[in-house]
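Only one chain is shown below, in structure tokens, and it's the form predicted alone.
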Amino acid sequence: MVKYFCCAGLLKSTWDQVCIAFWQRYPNPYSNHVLTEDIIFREVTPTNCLKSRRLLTKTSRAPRWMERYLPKHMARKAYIIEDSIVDPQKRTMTTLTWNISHARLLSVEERCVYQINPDNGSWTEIRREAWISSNVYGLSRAIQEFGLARFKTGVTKTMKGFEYVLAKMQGEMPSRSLTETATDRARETALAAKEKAKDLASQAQKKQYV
């Protein structure tokens, strides 16, 4: 049994800008899990379409109950193949990605179509489909649910990463949400409190030896 997921997204930038950002979106603050990207081949077809294949290496921390099914050197990395075709005449870009590492445990195939938004020619819409499956007997449903939840989280980060790169391309300071700003401040406060606690502990220890 395969879990199917479909969603649509909107980027308030032109299709040309989004296509350029697609090749420049790594690194960004929302893609720290992407370690490497390598072009395997690239060609221009007789109809002037650009076809590419890339190999991406990503961190992919599996939950502890799943790690025992993976070799130690593979439990925290995933290798992804990404095929893409840019059609400048139809003004579409289609990508297909799938994992080649521990695919029997969890297989995720994703298809995205980037095209001009029919209601606003200056915006780009993304139609995203995913097929998630597992061949582990007795655990396939749990693994699929885990894969789907992680995929949905990844979609949110992908869109934020796109918006960040597009803002930089357009010479704008990428905006940060109130939640992100509050999180950073909380981390700074916690770090300051930790350092203060260390100082107090050190002072208390010195007094014991005076």
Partner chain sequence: MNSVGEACTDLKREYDTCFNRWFADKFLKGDRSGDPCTETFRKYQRCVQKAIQEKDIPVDGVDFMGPDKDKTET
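The structure presented is a predicted model; accordingly, all values stated were derived computationally and were not measured. Numbering follows the first chain given and starts at 1.
Keep in mind the form predicted together with its partner chain is missing from the figure; the text below concerns it.
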With the distance limit set at 4.5 angstroms and only heavy atoms considered, check whether 7, 11 and 119 all reach its partner chain in the predicted complex.
no
Heavy atom to heavy atom, is residue 163 within 4.5 Å of its partner chain in the predicted complex?
no
Report whether the minimum heavy atom distance between residue 26 and its partner chain in the predicted complex is within 4.5 Å.
yes
Look up in the predicted complex whether residue 86 has a non-hydrogen atom within 4.5 angstroms of its partner chain, and give yes or no.
yes
According to a 4.5 angstroms non-hydrogen atom cut-off, is residue 170 in contact with its partner chain in the predicted complex?
no
Using the arrangement in the predicted complex, list in sequence order the residues of 35 to 53 with any heavy atom within 4.5 angstroms of its partner chain.
35, 36, 37, 38, 39, 40, 41, 42, 44, 48, 49, 50, 51, 52, 53
